[in-house]
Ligand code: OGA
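Taking the form predicted on its own, here's one chain by itself in structure tokens.
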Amino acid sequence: MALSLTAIHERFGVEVHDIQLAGLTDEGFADIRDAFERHSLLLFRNQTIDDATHIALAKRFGAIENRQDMTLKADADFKVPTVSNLTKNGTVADESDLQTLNLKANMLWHCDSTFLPIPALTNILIARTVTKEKGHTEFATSRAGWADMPEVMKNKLRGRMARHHYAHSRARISEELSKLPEFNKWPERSWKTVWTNPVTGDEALYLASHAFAIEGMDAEEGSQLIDEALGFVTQPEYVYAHAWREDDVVIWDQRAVLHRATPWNYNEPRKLSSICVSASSEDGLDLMRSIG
């Protein structure tokens, strides 16, 4: 089948029309996976997807990330994670609550799960409850940003490993937040600063708010380079801001796209369902583990 696509940004991202993900065929998924590799971000409007369908769709991309055991076993019980300011009893968390502070940490530019033994290939994010205004999610193409980056900056990054830790990004929002056990479960991880897509051959900057050091550089120099590189690829010309509607689905390539949440009126509930899929050797993961 030929997908009906409309560009949502001149450098990356497309809206996919006239398809329901709940009834996706193998042929249809093959076309979606091809569009995913080439356009980095896919938007689907007006989808009807329950949790079971969400899980089934994610499994088409690869192993589902389960932070309890890292990848979902075939028969394991899995509850779809949510990104929300709603508490367990259904009330809205206070703005100063640690739950809300964790959401604010997601307002730093990042790609998911760089602090895990296996980082994410993609996130399939579904809008369940949206705000009246604001609460957008911004996406930045680190592929186009890297392509345009001055060679002097590229040369500082190419052939380098960056060190990542979950608590680092949380400490930028709250020291109390960063000390919670859930943000210190995993030791730091090192990944190459450039990820090459094995399908298209395109390179993309691979850094996140969890990155805190560049191997072979002193702390100040490495931190400054991380900030400068992230600042370059998140300039306005590389950014698409998505205004959520209920039942929107956004699927993006974590190897080539950074993202961040944006503020809203925290008295309003907001809820997104989120499943990350772990990257694999077929996605170029093995080449990211060390400089060789």
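Note that the coordinates shown come from a computational prediction; the quantities given were computed from them, not determined experimentally. Numbering starts at 1 and follows the sequence shown.
Below, we turn to the form predicted together with ligand OGA, even though it does not appear here.
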Contact segment among 254 to 262, 25 to 33, 47 to 55, 220 to 228, judged by heavy atoms lying within 4.5 Å of ligand OGA in the predicted bound form: 254 to 262
Contact of residue 137 with ligand OGA in the predicted bound form (heavy atom, 4.5 Å): yes
Residue 9, heavy atom within 4.5 angstroms of ligand OGA in the predicted bound form: no
Contact flag, residue 125 vs ligand OGA in the predicted bound form, heavy atom cut 4.5 Å: yes
4.5 angstroms heavy atom contact with ligand OGA in the predicted bound form for residue 184: no
In the predicted bound form, the one of 192, 189, 168, 110 near ligand OGA [non-hydrogen atom within 4.5 angstroms]: 110
Listed residue (100, 106, 174, 129) with a non-hydrogen atom within 4.5 angstroms of ligand OGA in the predicted bound form: 106
Heavy atom contacts to ligand OGA in the predicted bound form at 4.5 Å, residues of 262 to 286 in sequence order: 270, 272, 274
